[in-house]
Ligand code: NAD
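Just the one chain here, the form predicted alone, laid out as structure tokens.
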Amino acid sequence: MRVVLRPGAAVTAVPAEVERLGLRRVLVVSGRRGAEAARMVADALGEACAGLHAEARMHVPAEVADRAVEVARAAGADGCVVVGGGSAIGLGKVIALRTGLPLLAVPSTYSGSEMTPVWGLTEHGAKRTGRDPRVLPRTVVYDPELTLSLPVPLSVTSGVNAIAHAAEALYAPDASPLVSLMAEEGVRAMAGALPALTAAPRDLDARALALHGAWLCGAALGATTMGLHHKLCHVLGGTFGLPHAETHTAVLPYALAHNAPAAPEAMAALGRALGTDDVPGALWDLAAPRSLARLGLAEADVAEAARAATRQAYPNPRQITVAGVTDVLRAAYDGDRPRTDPR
């Protein structure tokens, strides 16, 4: 994978990368929120742009994916350029998965999805995920100027989403020393960038540092296996329609408090990166929302979500039980400051 990171790269680097890959007709894909930036990229591509499809939606509903694949085929596209956040990149990945078209990503948030071979699709009220090397972008173009319009609250939740990737990579069963170094440095970069861009939202250095952190956090997740935190967020998003980055932000402190006794080395690495002895508390302090109730989850849905998150086995440093997952969700629903479970 090739990575370009510099101000203005969305306009200057994307056409050059498309040409480098030998592509002649690329479909530009985005969501409605990112349509203006996507139009800018499409204009820079000139005749190499086969069209702009701005219909990405959160959690990649199956009908949205079907429509996008139809559009790509009808346009005679030989590649796809995705501009936007995780929703747009997720749609681009499904297009690549189903058509084999090469993908270029121009992220406008800090989710880090562009660095992983993980795809997701929501169908019949459930989100399923998979891994396939075909969905990895051939080139990722990071442009800090493109993130200047990202509101500070969404910047922060998007950044915590990236931190969640690194956190689970640190205690994944297939972690390695190199991946752990990337994960720790990614958290350190993101934790330094978020307060800086909150204080000065148009600070390009802070925005670039956040993209650097997103790159490292996403790459760490892409090389490892997801655990309890990501499983919970997929259930809460795919089944209950909760917003992606905000859900990661609300759940992460409690998932880490739950796993902490079984993952001391991972927690030590996170503590070094965050400069704290209380990782769950520091993350709770870093960002809002702090409650699944505020995101719209009904109290009656906690038990159903816990059952859904325990139906299939998946790796996690602490044994997965319905009671334990219910405790995590209950704490995240209430939103009180997390306490590490000593058991």
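Treat the numbers as computed from the prediction; the structure is a model and nothing was measured. Numbers follow the displayed sequence, beginning with 1. Basically, rigid core = biggest C-alpha set you can superpose within 1.5 Å across the two forms.
Not pictured, yet referred to below: the form predicted together with the ligand.
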(message) Considering non-hydrogen atoms and a 4.5 Å limit, which listed residue (259, 147, 224, 247) is close to the ligand in the predicted complex?
(response) 147
(request) Tell me, out of 101, 75, 175, 118, which residue has a non-hydrogen atom within 4.5 angstroms of the ligand in the predicted complex. (result) 118
(message) How about residue 79 - does it come within 4.5 Å of the ligand in the predicted complex, if we only consider non-hydrogen atoms?
(response) no
(message) Is residue 293 near the ligand? Define near as a heavy atom within 4.5 Å, in the predicted complex.
(response) no
(request) May I ask you to check whether residue 209 falls inside a 4.5 Å heavy atom distance of the ligand in the predicted complex? (result) no
(message) At 4.5 Å between heavy atoms, is residue 253 in contact with the ligand in the predicted complex?
(response) no
(request) Using a 4.5 Å heavy atom cut-off, indicate which stretch of 269-277, 166-174, 193-201, 84-92 touches the ligand in the predicted complex. (result) 84-92
(message) Check for me: heavy atom within 4.5 Å of the ligand in the predicted complex, for each of 58, 109 and 154, yes or no.
(response) yes
(message) Where, within 126-142, is there a heavy atom within 4.5 Å of the ligand in the predicted complex? Residue list please.
(response) 127
(request) Superpose on the rigid core, then tell me if the C-alpha of residue 61 is displaced by 2 angstroms or more between this form and the one not shown. (result) yes
